[in-house]
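Listed next as structure tokens is one chain, alone, in the form predicted on its own.
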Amino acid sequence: MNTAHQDNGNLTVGSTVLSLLEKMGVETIFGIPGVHTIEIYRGISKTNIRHITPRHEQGAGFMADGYARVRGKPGVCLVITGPGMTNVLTAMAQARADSIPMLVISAVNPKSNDQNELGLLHELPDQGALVRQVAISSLKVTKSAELIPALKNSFAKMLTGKPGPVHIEIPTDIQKLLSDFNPEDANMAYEISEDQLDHSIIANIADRLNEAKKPLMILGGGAKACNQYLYELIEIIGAQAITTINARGLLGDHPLCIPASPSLACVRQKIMAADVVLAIGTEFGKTDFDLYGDGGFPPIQYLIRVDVSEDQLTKNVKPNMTIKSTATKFCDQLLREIKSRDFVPKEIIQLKVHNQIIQEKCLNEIESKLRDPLDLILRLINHFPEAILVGDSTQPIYAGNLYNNVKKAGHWFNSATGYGTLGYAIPSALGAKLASPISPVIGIIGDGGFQFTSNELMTASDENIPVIFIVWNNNGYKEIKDSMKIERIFPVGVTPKPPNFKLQAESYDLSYYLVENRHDLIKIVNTALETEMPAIIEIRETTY
């Protein structure tokens, strides 16, 4: 086995990885170097890739997640074998739940032909098998010739069909092998296949929408790239559009958009009244459509589902008609079909008036304990329409998931749905800011979730990433405490003492502000943004 190094004028498999990633459009990676990945780091000086060092591999994964959501490109992590890989798995699971493209490249120990466990540093019995429980793909590079195909296949896998996290592991001995290619000469183009749409099906859908008296659209996260078509579609079809949590911001302030959860009774009534529902890019997940677990989601008279994934087309709610397609291609062809015929005009003005009434009903339906947290969210949205709001599992985010009128697609996302991990907001907000430096980014997190990943504030300080972190301090896990009380369980483990946030900010070289009156919120946020440095803004629930 040839183990010569680049020091002798030769390229190794490990040292070519980052150059190849750069050719595939990667600009930023998130990782913590270790003895098992230093051969990969050998090649970073030959690229323009920016390396961000988080304080924990889970933070690397969450940063990559936030980066991918905002940048529109896969987030990339580089971790060691064993603990590095298991640490990043939580972030990969969140990415899988929300269909976020993420590439995790890890080392792995060499495997003996006759033994799986040799007592090596950072050893796992079968790392790839473990990761495949979460990743949509996990590949091992066993020789130089497999590296480029593994990268191409992984990019194609996470960008074709339903996106998600993918994994490539490179054994430490393989990293040191001489490469049989030059990265500068490598062709890194890969194919992303798309299904051809049947024109007769598109025409059939157009007929249904034309004949409908009360058409309705439900837009999920898979429709985020379709704004240019959706504005025209809802006007021509005469349909109101409900945006789920991951689609919030689609259609902006359009008067036919209902930016509210289908778990609310007034929104469910609208769904039940519709004679045709066109659902694009949504899995009809419980955390969107049955948040309270009452099983009261209404039957749909006639449902048309559009999704890029075959598996998603019949998940949770059975459709009358399905079409497997990217949302963009479907909307483009449907709009062309509709424009080619005489569409029966709907009464748009009355619909817009009715839509305003529904939005007011949504606000009135928000439970009393979430009114103040929702006030926080709506103030931020109305005064900072360009801001990206990144949330954790905390009461202001629960309230905003039920209703908010964020102005742009992709400017509202959080971990309070699906996988629902705590500690997401701090690192993910950093990734979002790195992806869009010109956008104000506000992370919203509870005092409990803050303590999961507060170490990543040092990354914000180290890299001078000017994110505003708003901490909703209610002295513990209040939502869990309330749930225990409802179930007549004596609350235990739900009152972890919050840290002194002012001292936390000082220790991380961040600015600190305390909101003692809700009417001071906007002034304080403006001041924090003007300093162009990361900051903690503490809001104590008892005084807001």
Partner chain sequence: MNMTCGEATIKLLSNYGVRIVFGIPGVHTLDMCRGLTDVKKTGSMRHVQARNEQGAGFMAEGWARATGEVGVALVISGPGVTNACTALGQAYADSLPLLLISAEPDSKTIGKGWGVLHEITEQKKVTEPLTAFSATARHPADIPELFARAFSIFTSQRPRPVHISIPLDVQAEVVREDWKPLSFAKPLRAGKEQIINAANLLKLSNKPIIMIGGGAVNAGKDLLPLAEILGAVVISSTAGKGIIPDSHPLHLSGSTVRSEVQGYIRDADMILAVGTELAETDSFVERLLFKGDIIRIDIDPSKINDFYPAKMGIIGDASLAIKGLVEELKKHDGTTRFNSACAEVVKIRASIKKNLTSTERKHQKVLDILQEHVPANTIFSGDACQLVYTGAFGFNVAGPRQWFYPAGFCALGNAVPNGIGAKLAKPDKPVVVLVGDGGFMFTMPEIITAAELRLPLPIIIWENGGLKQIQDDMDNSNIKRVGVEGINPDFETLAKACHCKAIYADSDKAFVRAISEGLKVDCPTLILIKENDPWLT
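Just so you know, these numbers come straight off a predicted model, no measurement behind them. Positions refer to the first chain, counted from 1.
One more form of this protein should be noted, the form predicted in complex with the partner chain, which is absent from this view; the next part is about it.
> Examine P125 and determine whether its closest non-hydrogen atom to the partner chain in the model of the complex is within 4.5 angstroms.
Contact check for P125: yes, within 4.5 Å of the partner chain in the model of the complex.
> Just checking whether E283 would be counted as a contact of the partner chain in the model of the complex - the rule being heavy atoms within 4.5 angstroms.
Within the cut-off, so yes.
> Taking the partner chain as it sits in the model of the complex, is F181 near enough to touch it, meaning that at least one heavy atom pair lies within 4.5 angstroms?
Because no heavy atom of F181 falls inside 4.5 Å of the partner chain in the model of the complex, the answer is no.
> Using a 4.5 Å heavy atom cut-off, state whether Y513 contacts the partner chain in the model of the complex.
It does not: once the partner chain is placed as it appears in the model of the complex, Y513 has no heavy atom within 4.5 Å of it.
> Can you confirm whether M24, V26 and F330, the three residues that make up this candidate site, all sit within 4.5 Å of the partner chain in the model of the complex, judged by heavy atoms?
Not a single listed residue reaches the partner chain in the model of the complex, so no.
> Here the chain is shown alone; which of L351, L121, L159, A203 has a heavy atom within 4.5 Å of the partner chain in the model of the complex?
If I apply the 4.5 Å criterion carefully, the residue I get is L121.
> Check each of T287, Q301, S436, S137 and return the one that places a heavy atom within 4.5 angstroms of the partner chain in the model of the complex.
Exactly one listed residue reaches within 4.5 Å, namely T287.
> Just one of 402-410, 83-91, 384-392, 144-152 has heavy atoms within 4.5 Å of the partner chain in the model of the complex; which?
Result of the contact check: 83-91.
> Residue by residue through 493-509, tell me which have a non-hydrogen atom within 4.5 angstroms of the partner chain in the model of the complex.
G493, V494, T495, P496, K497, P498, P499, N500, L503, Q504, E506, S507, Y508, in sequence order.
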